[in-house]
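Below you will find one chain, with nothing else, as structure tokens; this is the form predicted alone, and questions on how it binds or moves follow later.
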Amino acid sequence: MGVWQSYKLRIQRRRWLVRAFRKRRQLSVVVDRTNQIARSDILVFSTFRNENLRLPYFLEYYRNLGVDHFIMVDNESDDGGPEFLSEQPDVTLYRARGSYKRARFGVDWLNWLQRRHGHGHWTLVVDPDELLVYPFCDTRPLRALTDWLDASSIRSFGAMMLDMYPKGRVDEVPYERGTDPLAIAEWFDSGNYTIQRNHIMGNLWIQGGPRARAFFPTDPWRAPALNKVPLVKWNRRYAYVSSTHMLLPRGLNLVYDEWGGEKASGALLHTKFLSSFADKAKEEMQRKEHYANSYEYRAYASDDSPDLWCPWSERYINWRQLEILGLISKGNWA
């Protein structure tokens, strides 16, 4: 990359940080427990709206992985989720009033909060429907991974988003609050993915899976991106650019080996397709607060209770299965 391009990216990063500083005015504290955060704590940052159905298991899952504190941003929910979170002893809760879209789909809010609370911490940015798996996650806590990353001087950890779905229509089995969504959405596509490299930002761009084949069969290039960098040893000078798909400085996006080897990576098991999918899709269609004028949700509206299962679907077992399929890697971590 040339000197001029590097300079432009530095200017872009400063612009995102200034923008996040301005958007902080849309945030107000509901419950502040950040005085409990210790220097070595692992933090989760997440935005949500009307996710009360998922929140109990979301907290349980990441607590079991070893997350120490949750910094949550409620975008004007009215389903009881904020009240539930305000009672949790390891949760700091903010309310965001304003347009989710104009806050760059929540990125501006989280950039500010990570700058304020995340400096020097390993921070994990995930949605309530995303469950992180990584090599040895069944026997080693998340801190074992971050300790190894620290010892290896690695500042970021990549994870491919893997869409999970049930066998049959997504509304056939009701999801019960607090239960494991993978007990219902236990299938995924083991192939059907395309990968390109963004030569400016340095990140990979992955598309495909059930959403591409079911909702974008004639224009798969418009399907959602599946590449993410959710786990970062945060510094107040960092900034996410587009969700967790890429961030600046661009070196944080190099979560793969450019020379043909493998770096350690994980997967985000994406449990969007549960019985609540239809109601959520309709709500977001009306709000029109998502990317590209909610193009993705307009595609969902064409079939609000799809059957995504196909003869090539794989039933999820564990992380080792994903490693065999080449969807995650333990790299040099043994």
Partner chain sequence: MTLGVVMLVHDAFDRAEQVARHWVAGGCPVVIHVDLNVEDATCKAFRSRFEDTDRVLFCKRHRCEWGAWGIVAGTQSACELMLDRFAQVRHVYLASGSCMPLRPVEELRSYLAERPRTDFIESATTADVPWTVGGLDHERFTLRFPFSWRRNRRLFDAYVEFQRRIRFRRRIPEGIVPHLGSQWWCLTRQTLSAILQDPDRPTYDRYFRRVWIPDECYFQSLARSYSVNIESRSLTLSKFDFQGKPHIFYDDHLQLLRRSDCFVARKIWPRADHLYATFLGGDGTAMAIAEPNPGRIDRIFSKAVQRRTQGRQGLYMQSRWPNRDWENGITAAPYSVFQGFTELFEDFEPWLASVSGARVHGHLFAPDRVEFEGRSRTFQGALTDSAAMRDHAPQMFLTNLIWNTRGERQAFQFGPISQQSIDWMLAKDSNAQISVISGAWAVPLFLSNRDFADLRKDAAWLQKVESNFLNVLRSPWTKARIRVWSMADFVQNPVEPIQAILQEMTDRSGPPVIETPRMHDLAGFGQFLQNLKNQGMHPYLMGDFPAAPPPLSQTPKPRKPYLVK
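Keep in mind that what you see is a predicted model, and the values were worked out from it rather than measured. Numbering follows the first chain given and starts at 1.
In what follows, reference is made to the form predicted together with the partner chain, a form of this protein that is not presented.
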property: Arg143, heavy atom within 4.5 angstroms of the partner chain in the model of the complex; result: yes
property: Proximity of Glu186 to the partner chain in the model of the complex, heavy atoms at 4.5 Å; result: no
property: Contact flag, Val3 vs the partner chain in the model of the complex, heavy atom cut 4.5 Å; result: no
property: Tyr256, heavy atom within 4.5 angstroms of the partner chain in the model of the complex; result: yes
property: Option from 95 to 103, 168 to 176, 134 to 142, 73 to 81 whose residues, in the model of the complex, bring a heavy atom within 4.5 Å of the partner chain; result: 134 to 142
property: Sole residue of Asn235, Gln196, Ser242, Ser86 within 4.5 Å of the partner chain in the model of the complex, by heavy atom; result: Gln196
property: Non-hydrogen atom within 4.5 angstroms of the partner chain in the model of the complex for each of Val18, Glu60 and Trp122; result: no
property: Contacts with the partner chain in the model of the complex - residues in 142 to 166 whose heavy atoms fall within 4.5 Å; result: Arg143, Ala144, Asp147, Trp148, Ala151, Ser152, Gly158, Ala159, Met160
